[in-house]
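Okay, so here's just one chain, in C-alpha cells, the form predicted alone.
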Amino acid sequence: MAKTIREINEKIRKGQAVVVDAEEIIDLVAQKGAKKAAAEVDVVTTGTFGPMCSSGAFLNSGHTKPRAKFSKVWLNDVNAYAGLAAVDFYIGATELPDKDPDNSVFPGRFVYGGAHVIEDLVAGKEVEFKATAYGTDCYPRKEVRSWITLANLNQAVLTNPRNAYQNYNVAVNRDGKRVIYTYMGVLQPGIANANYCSAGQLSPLLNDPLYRTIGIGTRIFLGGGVGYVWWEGTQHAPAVQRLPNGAPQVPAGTLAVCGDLKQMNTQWLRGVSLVGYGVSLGVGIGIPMPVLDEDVIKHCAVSDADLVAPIVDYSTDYPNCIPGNLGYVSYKELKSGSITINGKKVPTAGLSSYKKAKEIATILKEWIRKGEFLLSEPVASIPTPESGQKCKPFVEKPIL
C-alpha cells in the first residue's frame, strides 16, 4: 500500500512510526520480502561522515561603531570572502592561511585552514577577526581587529554547495616510483594501496539512487543539527552508467545543503588535514527515506555487495582527465581491507567513517521515533537520470 509523507508524519507525531536504518532494512527485507517490509516500515534512515571539500559558512558579525563595510576579512589569519553586504562574509572550508604555521617543520602538512576555523567556532572558541575597508560616508571605519565567537554572531549558516556524493572513485597510484598526495589521501607508488570515500550501503544517495524522495527542501541531519537540501549539488551528474538496481557505477548525484551552525557540534563537523594536498571539512549528514512504496524499500535494501565503485589512477589518468578506469570493485570488497587489482592484492582504507555514518543513522532514527524530527515534502525535485544531465568539462578559449 502506498503512503504519503503527510501520513508518515502523522504516525511520527503519535509515536507510532516504525523506523529502521539502512543497515537494518537489508536483513528485514531478506527475511520478510520487500512488499511486507514496505507495509511495516515507515522510514529508513541513512548516514555518511567524511571530508566534503565544497563546504563553508556565511557569517554576519553585526555592525561596528562606527560602521564599516568589510572588503577584506581574515579569521585566525585565514582569508574569508567579503564581497557581500557590509558585515556579511563567507569562510570556505579549503581556504588556507597565507603562511601555513607548520610549513617550516613539515612542508605541505596543511595543519590549519577554513575548516578548522569553522570547527573552532562550533567548539565555542574565540577566533581572531581582522578586517579592512575602503571607507565611505555611511561606512567610514577602515580597520577592525577583535575576537569573535559563534554566540556573538547574528547568523552563522553552514552553506555547502556540494556534499553527500552519490558514489565515488577508488583512488590508486599507478606510477611506479613516486608517492602522490591527493584529496583522496596519500597514495603509494605501484598501486600499493587504494583509498575510497563512501559509506556504501548507509550512504544517503545510494539509498535513493533515482532521487525519488530527496529533493529541494528535504529536512536532514547536518553536522549534529537540522539542515536542509537547498539545491542539486554542483557537479550533479545523474546521467551516468548504472547497475540494474539503479545505483550508479561512478560518481553521480550531489546535494547542496545548509543549516544553522549554532545547532551543530564538533563531533559531526571537523577540520581535516590532508598531507601534501590541503584541508577539508569532515561533515556528518543523515537523510531519512520515507517509505512511500515497495520500490523505496527495494532501493534502501541494497547491501555493500550490491554497490560498486570505479578504480581510478590518480597519478596520470585523473589529473589529465583521461577517461576510463581500472575496473570496478564492490563496497563489500573495499570494506574487507583489501581488493585485487590486476592479480595483485592491495590494502584498502576508507576516508569516510562507516562507524560514524551508522551513529548518524541511529541518532536520526531516535529523533524520528521520539517525534523530534518530522519529514519534509520536497518543494521541487533535483535532476534525475532521465534529464540527461552530465558534468561538463571546462571549455578553454585562449585570450589573445
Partner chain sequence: MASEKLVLNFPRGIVREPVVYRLVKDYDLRVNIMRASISPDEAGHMVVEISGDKRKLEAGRKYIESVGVTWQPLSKDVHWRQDRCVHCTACVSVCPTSALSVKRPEMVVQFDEDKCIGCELCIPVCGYAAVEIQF
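None of the values given here were measured: they were computed from a predicted structure. Residue numbers count along the first chain shown, from 1.
Separately, the form predicted in complex with the partner chain exists; it is not shown, and the next lines address it.
**Item:** Partner contact for F70 in the model of the complex: the partner chain, 4.5 angstroms, heavy atom
**Value:** Heavy-atom contact with the partner chain at 4.5 Å: absent for F70.
**Asked** Taking the shortest heavy atom distance, is A239 within 4.5 Å of the partner chain in the model of the complex?
**Response** Answer no; every heavy atom of A239 is more than 4.5 Å from the partner chain in the model of the complex.
**Message:** Residue-level question: is P66 within 4.5 Å of the partner chain in the model of the complex, judged on heavy atoms?
**Reply:** Outside the cut-off, so no.
**G337 within 4.5 Å of the partner chain in the model of the complex, heavy atoms** = Judged by the heavy-atom cut-off of 4.5 Å, G337 is in contact with the partner chain in the model of the complex.
**Candidate stretches 160 to 168, 76 to 84, 127 to 135, 266 to 274 - the one whose heavy atoms come within 4.5 Å of the partner chain in the model of the complex** = This holds for exactly one stretch, 266 to 274.
**Answer option from A39, A30, A349, I341, heavy atom within 4.5 Å of the partner chain in the model of the complex** = After the contact test, the surviving option is A349.
**Prompt:** So which of D313, E95, E119, D306 reaches within 4.5 angstroms of the partner chain in the model of the complex, heavy atom to heavy atom?
**Reply:** Selected residue: E119.
**Asked** Is it the case that I216, F221 and K370 all touch the partner chain in the model of the complex, with a non-hydrogen atom of each within 4.5 angstroms?
**Response** Looking in the model of the complex, the three residues I216, F221 and K370 all stay beyond 4.5 Å of the partner chain (heavy atoms).
**Asked** Taking heavy atoms and a 4.5 Å limit, what residues of 352 to 389 are near the partner chain in the model of the complex?
**Response** Residues within 4.5 Å: S352, S353, Y354, K355, K356.
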